[in-house]
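Shown here is one chain on its own, the form predicted on its own, set out as structure tokens.
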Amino acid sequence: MTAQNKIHSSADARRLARKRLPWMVFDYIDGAAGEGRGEALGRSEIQAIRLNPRILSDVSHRDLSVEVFDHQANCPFGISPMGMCNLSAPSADLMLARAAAKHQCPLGVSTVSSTSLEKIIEVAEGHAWFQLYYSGDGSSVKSLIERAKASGYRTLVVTLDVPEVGRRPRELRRGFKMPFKIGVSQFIDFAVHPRWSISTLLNGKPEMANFGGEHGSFDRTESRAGATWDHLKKIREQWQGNLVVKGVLNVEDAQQLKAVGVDAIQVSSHGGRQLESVPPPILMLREIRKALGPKYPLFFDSGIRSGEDIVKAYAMGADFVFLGRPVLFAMAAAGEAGLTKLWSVLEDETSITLAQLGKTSMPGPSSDVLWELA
């Protein structure tokens, strides 16, 4: 049986990826802040949400398409921006770009993507959003924004939950650094994972493709603690397209972001990678939706692993949902075929969930699909 045919869930993709990836790479992708309790709590709160099945509704035709800004996406989920995706598999960035083009859904392109921002939006046929970190004196921010404009990006996602890179003990124990620094333990790690090591060697070591030469450099560990509301104002002035702020878990912050002209907020805990003691993102999504009202665009990521999870996020207040780790694991497990298979699994799970709930399209916030104790 081929590897992709073994993928029947996100958990299957993770299990297969764990066997194939070097320990250092797997722990970088899978790791979280502290001992992972914050990430685990976020997942458990999603799992604790109960849905309300209904019968005798005509659900023979179900529509998974969702409007995002002024665009109709063919599926109710997209891909969060993730750095160095090509660590999971050679050309992973372009696999994701082709999937975004096929499904006409947004692909987040990280500041530290391992393929250039220009190439990714070309392959994605325009279905890409550029994600930006504020860093240093802001000079690289200005140049990256201008590159994104020139390349045809219409949506800018500013990630603001990384004033300092969170402490992730699993990657620290493995000695993970960008760019790679190879010591004895890393050499052994790569040697016992020859499939990954050989394919990576043949395709070239993953690098931060948006930097180097005339584009300067990027230090992953550089402090971004100096970023302020004034810096966000300057970005708003420079960027005339859709502006999304990612990494929000506080109602007051969300209200202020709306007031200063941010077009949408992405409620996120950075996949539990920044702070172990964060509140569960799915519960903060509901609180922020209540505070901002039904019309303001809210996106969600963190802890989504299945079609049922996707439906739950919509019912809790999301206008669109993004996934991260599961797609990396699918590509690590079986390349582009693995990504295609997992995508199909997630669409099937979502569609079947809607049928069980008596729905023919994605639910909105405060819908009747949530079962709650009186």
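The shown structure was predicted, so the numbers you read here are calculated from the model rather than taken from an experiment. So that there is no doubt, residue numbering starts at 1 and follows the sequence shown.
Although it is not shown, the form predicted together with a small molecule is what the next lines describe.
- The stretch in contact with the small molecule in the predicted complex, judged by heavy atoms within 4.5 Å, is 267 to 275, chosen from 182 to 190, 198 to 206, 282 to 290, 267 to 275.
- This chain is displayed alone, yet in the predicted complex one of Thr159, Ser151, Ser140, Gln104 has a heavy atom within 4.5 Å of the small molecule; that residue is Thr159.
- Scanning Gly166, Pro90, Gly83, Pro297 against the small molecule in the predicted complex with a 4.5 Å heavy atom cut-off leaves one residue, Gly83.
- Looking at Ser110, you'd find a heavy atom of it within 4.5 angstroms of the small molecule in the predicted complex.
- At least one heavy atom of Tyr133 is located within 4.5 Å of the small molecule in the predicted complex.
- The small molecule is not drawn, but in the predicted complex it has a heavy atom within 4.5 Å of Lys246.
- Shown alone here, Pro326 lies within 4.5 Å of the small molecule in the predicted complex, counting heavy atoms only.
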